[in-house]
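As structure tokens, one chain now follows by itself in the form predicted alone.
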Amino acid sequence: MAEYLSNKGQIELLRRDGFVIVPRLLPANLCEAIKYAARTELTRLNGAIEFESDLHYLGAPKSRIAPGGNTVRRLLDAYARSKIYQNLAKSAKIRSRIALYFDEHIALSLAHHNCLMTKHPTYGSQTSWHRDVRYWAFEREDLISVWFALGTETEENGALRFVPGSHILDLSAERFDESKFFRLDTSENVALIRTAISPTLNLGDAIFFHCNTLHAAGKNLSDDIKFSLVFTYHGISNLPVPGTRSAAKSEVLL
């Protein structure tokens, strides 16, 4: 298991599988503090927010005025919201592993992810199979996201699913639909998705995963909101393409 490996061993798993779970990376009290801050923000609805009805994903409310239309999907711009998020995003536990992967100085993207994910019961939508790089624009498709579980994450409450090794596969554009979700109407794609796994995460666990790793997430069938925090990093030599969304916000050098 990754918890018994050195940082180097964990990064070797990340390179091989496209993701690696680092158990208990965050202490329980920090997870609870972040969830408390997030629940408070959900009552205030300040700052940049993405609602489920904005996305039109499978199972999402059809509009803001439909039942559940005001269900929050993401509290955006997490880094700017609180020192608690900033300190975590820049923490030595994260920097050391990400720098080891890229073997150079690193930067935190403020344009992508950089959010507190809230998956609600009933109106929280399903996320279809995709690669995150589908809407990112960098010189190289080589970025790493870190997903922090702020509570238990299982298939029941909509945990992430991954296809091991998919980050190194040459998947043609024809295997994705017009929204760049992985098509499930071809036998070739279905066979690949059958190799997916859905790891259970416990409070404080983190998943490091590559931007080209195929992943998805189901609906939250539990009775409570699932909270997760996610940030994305890249090596400083891998620049965002000028004029794109990826270059729309400044970055944080670490």
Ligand SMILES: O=C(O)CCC(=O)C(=O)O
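Fair warning: this is a prediction, and the values are worked out from it, not measured in the lab. A residue's number is simply how far along the shown sequence it sits, counting from 1.
One more form of this protein exists, namely the form predicted in complex with the ligand; it is left out here, but the text below deals with it.
For the ligand in the predicted complex, the listed stretch (90 to 98, 172 to 180, 104 to 112, 128 to 136) containing residues with heavy atoms inside 4.5 Å is 128 to 136. This chain is drawn without the ligand; in the predicted complex, the residue among 160, 143, 72, 163 with a heavy atom within 4.5 Å of it is 160. Scanning 229, 38, 217, 207 against the ligand in the predicted complex with a 4.5 Å heavy atom cut-off leaves one residue, 217. Taking the partner from the other structure, the ligand in the predicted complex has no heavy atom within 4.5 Å of any heavy atom of residue 148. Proximity of residue 116 to the ligand in the predicted complex: non-hydrogen atoms within 4.5 Å are absent; the residue sits far from the partner.
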